[in-house]
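Okay, so here's just one chain, in structure tokens, the form predicted alone.
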């Protein structure tokens, strides 16, 4: 049995017309003799009747401190509604269907409500329905804990559901259908000549996703990578081939984008962050102070990023909306910090960075040509990060894309 997992995002199932396009994708796969598992997100986006944010608001307008367990049960309803509507749509096109919740599909998680992690997947119920000739529709974004509690997998969790099911079922591929035609070299709203990547490695797409590219959840990539299940990012609304995510270079048409020849695969960005600088030049026990700073951030539930520790200062970033809270935590420790809000992190991602000396110097030169100050920088084997003032974000990304992203 050739199994294909297809995941459809919220915009793909938001209207009757779009659900008809989803049905066409499923019918196309069935006509190619695939046994299809369709994973769905909640319909629409914030403000739409059954979107996840709408359901959250429904409860938190009454009780802002609603327990996470009950909130998960509420949030899971969006995908169940979406799944039922899609199942009805597929039935109207002559397909036999079976609708399963995440728990019924065998997705077992820990009990960390709101951000549950998948412990294992038991696909037996899915396999029974597939063998019976059904298209199996699975409510994404959810699972069930070992004690029977309904859990959700965090933002982008439907991608994670699809990848986990793909691995458990040894699927030929996992197709992630969305409202864009593939993974792009940069945000097309910023870079007009951004291009769709034909092929990209698991490693590069995971880094791009972690650094702000929102086309696929990094956890989904990491799960698929474990067993080398190919991921394909496609548009529900066109027949474009999309982007193949894999470890190897398949046979491609002449002139196709070659995965091994790229220095920089893509450029991602994360706006609206605040740089926090703590002067530690006068502290005798600097390691202790640094430990206390980050332990206090963690205890306050503040996620930190872009950490730079030097002899005289510690610098890191937090989201703008958490900057006041972070400064308050430091103040309670007797630490006065300098905060610089409204910054943006730009990330250049590519496996080619490893063997190419001087890339960081080229980045600095490109930005210096436009007097764009680098507030902070770091690099690894596959990523270069720079922090710039928010108002210079668009110009900086455009300049870097022009310099490093080249197509024949």
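Numbering follows the first chain given and starts at 1. No experiment lies behind these values; they were computed from the predicted model shown.
Separately, the form predicted together with aspartic acid (ASP) exists; it is not shown, and the next lines address it.
- Contact check for residue 158: a heavy atom falls within 4.5 Å of aspartic acid (ASP) in the predicted complex.
- The shortest heavy atom separation between residue 204 and aspartic acid (ASP) in the predicted complex exceeds 4.5 Å.
- At the 4.5 Å threshold, heavy atoms of residue 349 stay clear of aspartic acid (ASP) in the predicted complex, well away from it.
- Taking the partner from the other structure, aspartic acid (ASP) in the predicted complex has a heavy atom within 4.5 Å of a heavy atom of residue 42.
- From the list 149-157, 316-324, 292-300, 218-226, the contact stretch for aspartic acid (ASP) in the predicted complex under a 4.5 Å heavy atom rule is 149-157.
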